[in-house]
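Next up: just one chain, as structure tokens, the form predicted alone.
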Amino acid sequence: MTEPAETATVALSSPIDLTTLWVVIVFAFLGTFLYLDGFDFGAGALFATRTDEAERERILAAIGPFWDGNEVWLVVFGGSLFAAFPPLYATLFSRHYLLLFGVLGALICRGLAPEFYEQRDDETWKRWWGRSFVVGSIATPLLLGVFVGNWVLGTTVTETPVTVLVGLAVVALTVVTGGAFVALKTDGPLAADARTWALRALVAYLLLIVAVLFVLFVRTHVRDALIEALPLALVAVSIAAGGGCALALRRERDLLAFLAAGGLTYALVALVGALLYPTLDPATGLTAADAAISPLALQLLTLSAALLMPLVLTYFAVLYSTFSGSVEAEGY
């Protein structure tokens, strides 16, 4: 049986700070969910702007092959948070059960709606399942944004005016991503309108983020973190990505716009991580070092992730390459 001293020696032999690495990995998983499932949510919001049945079918066909796989990244985020930082998972999630159940309920509405929408050629049936699809697509990023806002501010209530602003910003961000994706996958009036909605949402997102940052700046513990080099660099990256996205949308360079929207998404999530680190839970003062599992367990977790992630990434590479190109109402 390995003695504690030997275990500590094995763990200390790691050349990198695994606790910090796993903070980065957990937020990278969150960013990947928000980017990939974000375009599904955005497409769902744009669904509400269309009245032509063929255009609605094209939106559903565009995201059809991807949304269930994209949704898995939320499970990966939650699972990695539980595996690497179980005390944080326990305190954070238990404090916001109502919000998280709301997210799950919205995801169920969003997930069921496209399946049932296609089952009957009945106007009332399609109208109600279409509404369910739109509500689920908007409510999920809204509630998730409120949850993240509560996390950063360390609030213990379900929502505050500031965290609602964060939720609205996340909704706007998903519309930017979804608009760029729909424009990339379609053509004609549908693609043109998707670009217009993406540009409008981009302006709304930037205004909302400025409002949120202003409020954060007047809060002492967050203001100190905001004026450090990394958060300032991430704000600069967001501005650059937003400008690039707007330019690409105006020039109908839809792939570039979609990639720039990804830059916006990852910059936002990285900013959240930078504002939190090293205190991962401001409400309790729990730090990353306090919340992390033992060094040896963290090493085993890292090894497991190193073995599994290439398989996961290969699956997504095959999926997206298989369903590349534009889409018609009946599919790819």
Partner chain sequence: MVDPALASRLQFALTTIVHIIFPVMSMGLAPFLVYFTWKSIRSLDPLWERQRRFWTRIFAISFVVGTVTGLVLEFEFGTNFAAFSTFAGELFGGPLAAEGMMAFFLEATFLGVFVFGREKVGDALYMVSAVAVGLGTWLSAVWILIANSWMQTPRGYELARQNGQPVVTLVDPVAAYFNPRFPWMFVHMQSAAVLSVALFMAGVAAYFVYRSDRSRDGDEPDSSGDDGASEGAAGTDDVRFWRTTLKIALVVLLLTAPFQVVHGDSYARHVAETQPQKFAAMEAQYETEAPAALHLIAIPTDPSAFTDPRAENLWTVDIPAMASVLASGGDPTYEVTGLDEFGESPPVAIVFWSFRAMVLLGFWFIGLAAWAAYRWWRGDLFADRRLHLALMGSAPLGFVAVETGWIVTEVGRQPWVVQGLLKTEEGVSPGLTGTEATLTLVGFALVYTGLLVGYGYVVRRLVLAGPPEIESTADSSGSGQNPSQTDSTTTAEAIRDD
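Positions refer to the first chain, counted from 1. What you are looking at is a predicted structure, and each value in this text was computed from that prediction instead of being measured.
There is another form of the same protein, the form predicted in complex with its partner chain; it is not shown, and what comes next is about it.
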None of 108, 210, 227, 236 but one has a heavy atom within 4.5 Å of its partner chain in the predicted bound form; the exception is 108
Heavy atom within 4.5 Å of its partner chain in the predicted bound form, from candidates 232, 218, 104, 255, belongs to 104
Go through 193-201, 210-218, 79-87, 244-252 and give me the stretch that gets within 4.5 Å of its partner chain in the predicted bound form, heavy atoms only.
-> 79-87
Non-hydrogen atom contact residue 48 with its partner chain in the predicted bound form at 4.5 angstroms = no
Look up in the predicted bound form whether residue 54 has a non-hydrogen atom within 4.5 angstroms of its partner chain, and give yes or no.
-> no
Taking the shortest heavy atom distance, is residue 21 within 4.5 Å of its partner chain in the predicted bound form?
-> no
Are any of the heavy atoms in residue 159 no more than 4.5 Å from a heavy atom of its partner chain in the predicted bound form?
-> no
Decide yes or no: are 290, 293 and 312 jointly within 4.5 Å of its partner chain in the predicted bound form, with each residue judged by its heavy atoms?
-> yes
Which residues in 45-82 have a heavy atom within 4.5 Å of its partner chain in the predicted bound form?
-> 64, 65, 67, 68, 69, 71, 72, 73, 74, 75, 76, 78, 79, 80, 82
